[in-house]
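Okay, here we've got a single chain as structure tokens, the form predicted on its own, with questions on binding and movement later.
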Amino acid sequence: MLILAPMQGLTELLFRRAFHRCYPGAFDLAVSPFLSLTDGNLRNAGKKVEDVLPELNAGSMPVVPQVLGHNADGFVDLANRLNELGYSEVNWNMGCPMRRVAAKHRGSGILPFPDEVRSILDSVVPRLKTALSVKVRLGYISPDEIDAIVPILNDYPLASVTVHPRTGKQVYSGQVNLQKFSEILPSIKHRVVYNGDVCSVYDYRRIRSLFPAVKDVMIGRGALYNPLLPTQIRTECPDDFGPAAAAAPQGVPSAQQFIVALVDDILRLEISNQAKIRKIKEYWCLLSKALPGTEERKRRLLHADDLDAILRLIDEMTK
């Protein structure tokens, strides 16, 4: 199974709909960017909840809502309201590396405190109307923090455990710790999903070769660097077939066509031109890696502050 990773502000509904329209079935499902418990219950959670409303997700890939927080009562309330909307699974975010999140024992910041993890699961699991999966890192400060977490996770009926083999302190820098992942893998009793630095067909095949027991792989930045990646994986493209390749598989929209489709969707949003510019630039920082052309031309777009000028530059670079 190929799963689209939750990336706050990036793999949101807007992106998922455009991606599914261009590459239907390329991802089996997505985990949504997190819904924060600090926003209150489902009815008061504002635009973050719009991301998973079923009526807005029609025509998109299947999605599992992700919840961030450590308030057990709030978690149960939100998860069960999501169940009322038709969701049969929610995912608990124990992997977010953002410092302001981790400082409050949320995301990966809870991993150094296994007693808190157990206390929350003790309170939450018996009251949930949905299945529960979790997404973790190896720890916040030390990769050995996961050693105390795995036995706790094994005590509960989880749908899956997604592991990103970095610490929260690393954020996305340095290498993924595949040695530590290999050490903990045999001790995890649940279905394991691998996540981290799968940015090419070669990366995917390497992970599957190193860990044949892991059948499911989550892809995040790799799908923004190269929107064709999940299709390339499924169509058995050569290992070195990546963003620099001139042509998409026959009948599949190119990366250029996907970028145009995504930008068109952004332009339809009922937001100010400045907000549209910010959103386009957020995606451009990653998606432009899939385009041929000089870095100087790509940087020009990031320095432009006029929407019409930005659209002209995109038109030039996607033809």
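Fair warning: this is a prediction, and the values are worked out from it, not measured in the lab. Quick note: we count residues from 1 along the sequence shown, nothing fancier.
The same protein also exists as the form predicted in complex with a small molecule; that form is not shown, yet it is the one meant from here on.
- This chain appears without its partner; in the predicted complex, the one residue of S160, N195, N226, Q170 with a heavy atom within 4.5 Å of the small molecule is N195.
- Taking the partner from elsewhere, P230 is found to have every heavy atom lying beyond 4.5 Å of the small molecule in the predicted complex.
- Under a 4.5 angstroms non-hydrogen atom cutoff, the small molecule in the predicted complex has F34 among its neighbouring residues.
- Put simply, R208 is far from the small molecule in the predicted complex: not one heavy atom of it is within 4.5 Å.
- Contact between L138 and the small molecule in the predicted complex is not found at the 4.5 Å heavy atom cutoff.
- Every residue in the set A5, L10 and H164 has a non-hydrogen atom no more than 4.5 Å from the small molecule in the predicted complex.
- Just one listed stretch, out of 214-222, 200-208, 114-122, 178-186, contacts the small molecule in the predicted complex at the 4.5 Å heavy atom level, and that stretch is 214-222.
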